[in-house]
Ligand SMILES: C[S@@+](CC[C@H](N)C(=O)[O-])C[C@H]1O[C@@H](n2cnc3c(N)ncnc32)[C@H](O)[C@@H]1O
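In the block that follows, a single chain appears as structure tokens, in the form predicted on its own.
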């Protein structure tokens, strides 16, 4: 697992304008949220700075948010306090989840924001999916979003510099991604993300973090979900789309 401890302080520059307000982030999942019972128990693992968790809590759900980064958990707590939302935030990586929660606890588990590729290879990814499946009640659903790694790998190693400034809290920044694509799927890849903030005097402050990732093909993910007792109900996978969502229910 990699940390996001540096990027946690500037993570809002990586969230789209549409999903920055917690209510709007939650609304982007309306189609799956309507499947939940009232007062549902929901887990947002790899919660980032808490926009989704806070948005879900604002709808009256009982929400737990977890992340492997202590800094992300702290920011989630701060956001929940800002909005007066009741969110329990816990620092835990995927494999540690069963140490904190009983099996069959949640009606829905979210693993969104392109986070699963940070699990170390097929073994780590399988362990992460197994932990999330264990925590779901029978009939409960895992909601997972992912990059389309088939596209990412086809583009090869590269530098991507945003063509526009992003404004957050009255400050502008340019976001830069540097991709290191390994020659083989199963090898460790790297993404370096840099956020270059421009202050009012024109000075530039750069925060960057090098993150490890292990990509996977969509067909591999389908097999791994089935292996941990999850059956795909919905998939938006498209080889030509940048991202996709999978909703899988616990058998």
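Positions refer to the first chain, counted from 1. Model, not experiment: these values are computed from the prediction.
In what follows, reference is made to the form predicted in complex with the ligand, a form of this protein that is not presented.
Taking non-hydrogen atoms only, residue 13 never approaches the ligand to within 4.5 angstroms in the predicted bound form. With a 4.5 Å cutoff on heavy atoms, residue 112 counts as touching the ligand in the predicted bound form.
Interface residue remark: residue 42 is not counted as part of the site for the ligand in the predicted bound form, having no heavy atom within 4.5 Å. In the predicted bound form, residue 106 stays away from the ligand, with no heavy atom inside 4.5 Å. The partner is absent here; in the predicted bound form, the one residue of 194, 68, 221, 61 having a heavy atom within 4.5 Å of the ligand is 68. Of the listed positions (134, 118, 74, 168), a single one reaches within 4.5 angstroms of the ligand by any non-hydrogen atom in the predicted bound form, namely 118. From the list 200 to 208, 181 to 189, 221 to 229, 42 to 50, the contact stretch for the ligand in the predicted bound form under a 4.5 Å heavy atom rule is 42 to 50.
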